[in-house]
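Listed next as structure tokens is one chain, alone, in the form predicted alone.
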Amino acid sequence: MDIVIIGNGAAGMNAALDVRKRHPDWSITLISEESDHFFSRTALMWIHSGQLSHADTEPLERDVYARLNFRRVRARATGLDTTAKKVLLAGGLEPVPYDRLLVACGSRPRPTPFWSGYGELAGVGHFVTHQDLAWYEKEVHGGPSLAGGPPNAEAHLAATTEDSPYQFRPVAAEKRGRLAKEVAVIGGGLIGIEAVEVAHAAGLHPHFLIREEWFWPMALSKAESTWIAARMAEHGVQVHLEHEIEGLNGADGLVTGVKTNRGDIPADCVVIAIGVVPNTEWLGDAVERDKFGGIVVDEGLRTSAEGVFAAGDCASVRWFNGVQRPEQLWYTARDQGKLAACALMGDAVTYKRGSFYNSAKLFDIEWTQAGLVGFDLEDQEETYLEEQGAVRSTIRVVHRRGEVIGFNLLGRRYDHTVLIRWINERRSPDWVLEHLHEASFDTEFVPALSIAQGGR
């Protein structure tokens, strides 16, 4: 059996590993242009800040392709011939035939609205790919932190064609003759705050431009976000709320600022972090796609083309409320990749999304979310508590008809597996508040939870 997987991220690699466990003699080909090695995309910020090397962010040993007899094709897929069962490649390379195909090509930065200056000015980029990381490091540090990377690391990351989305962005610092002094980050989500944090770690006081009334409204309430924004300001971040971007200013081919509805913001480096979209334009009409660009799959992760499956950020799956759309999370990519492996091997499978969960550290404030938060369901109620003693934290419990359906927790670390178990057990809000300490994931010397200390 010839198995071909497009993408070597969490979905693609988990699928490849599981297929190889059961079928040591099958041919497995992985096609990817961004990087030779599977890496943790959420760890790019730690490379930028000098705390991890590239190798530190790679979950698998670098000899995994040779050891497990995976064929690696470093190229960009440009289309599918679903009749001949071949993957078309850029650069005049021979198409790759398949018996069964998994498309796990992930996401790409959301296309920028028609802002003047975006395409022409050096010093403007994203923070999603390895190539974005190299650009951003050069703007802020003067060179990439490629310690632990392969020899000739930049050549290793070079795009394979001139029109590739993985081309390196032009670096303003090189043209200007000095490093960036004023960084502006556009977009108020997780990627945006990561771009802000690494600029802060470099000793800068970045501008954080957010179009909404508060930071990250899809995940945080106004009260929660107000605390995060205040903490960012204490660190020297210049948070600008309700700022609509109208364009970028420039001179001599270099970015000089951001034009907003509230005036101009000076900047010699601009990171655009307005989200990601499925990286599926290259597929054309070979498979059905939804309005978000996601590849529509059924409960078995099958696409509209025979023998073709999809998983990860690029797959459009059915949500609990009947909506068909992608789930762009590392956890779901991993889970879908492992299920897709079973489908590639001919097993009858059903993808049923479990309880949502996510976690991050927003500057020095822990964040844990589990269950249904932010969906505004019928009969939904919320209990909000605030701790302001030795530790500051907030607790938001979402419940419906006497049963807890979600948690949003800031300031302390919690074990999401315990929270999800309580959701599945249909615990009452009073019960979970009484037992919340059992889900504590704090380190040894953090004071115990005490809502009574200034809480409400």
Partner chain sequence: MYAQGQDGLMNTYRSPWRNRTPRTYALSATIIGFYCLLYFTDVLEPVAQAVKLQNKWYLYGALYCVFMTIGGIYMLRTHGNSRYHKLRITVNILVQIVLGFTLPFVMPFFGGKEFYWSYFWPLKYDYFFPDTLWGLPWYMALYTLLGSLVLTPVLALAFGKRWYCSWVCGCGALANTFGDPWRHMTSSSTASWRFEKYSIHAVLLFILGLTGIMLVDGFGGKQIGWFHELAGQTKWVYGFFVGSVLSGVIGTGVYPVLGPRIWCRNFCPMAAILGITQKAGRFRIAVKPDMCISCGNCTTYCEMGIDVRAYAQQNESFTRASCVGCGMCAHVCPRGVLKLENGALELNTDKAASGQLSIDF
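Values in this document were obtained by computation on a predicted structure and should not be read as measured data. Numbering follows the first chain given and starts at 1.
This protein has a second form, the form predicted together with its partner chain, left out of what is shown; the following refers to that one.
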Among 201, 233, 241, 223, just one has a heavy atom within 4.5 Å of its partner chain in the predicted bound form, namely 201
The one option of 30, 47, 409, 398 with any heavy atom within 4.5 Å of its partner chain in the predicted bound form is 47
Counting only non-hydrogen atoms, the one stretch of 340-348, 327-335, 207-215, 171-179 within 4.5 angstroms of its partner chain in the predicted bound form is 327-335
Quiz item: Is there a non-hydrogen atom of residue 355 within 4.5 angstroms of a non-hydrogen atom of its partner chain in the predicted bound form?
Solution: no
field: Proximity of residue 166 to its partner chain in the predicted bound form, heavy atoms at 4.5 Å
entry: no
Give a yes or no for residue 141: in the predicted bound form, does one of its heavy atoms lie within 4.5 Å of a heavy atom belonging to its partner chain? yes
Inset, instruction - Consider residue 364 of the chain shown here, and say whether it contacts its partner chain in the predicted bound form, taking contact as heavy atoms within 4.5 Å. - result: yes
Within 21-42, the residues having any heavy atom within 4.5 Å of its partner chain in the predicted bound form are 21, 40, 42
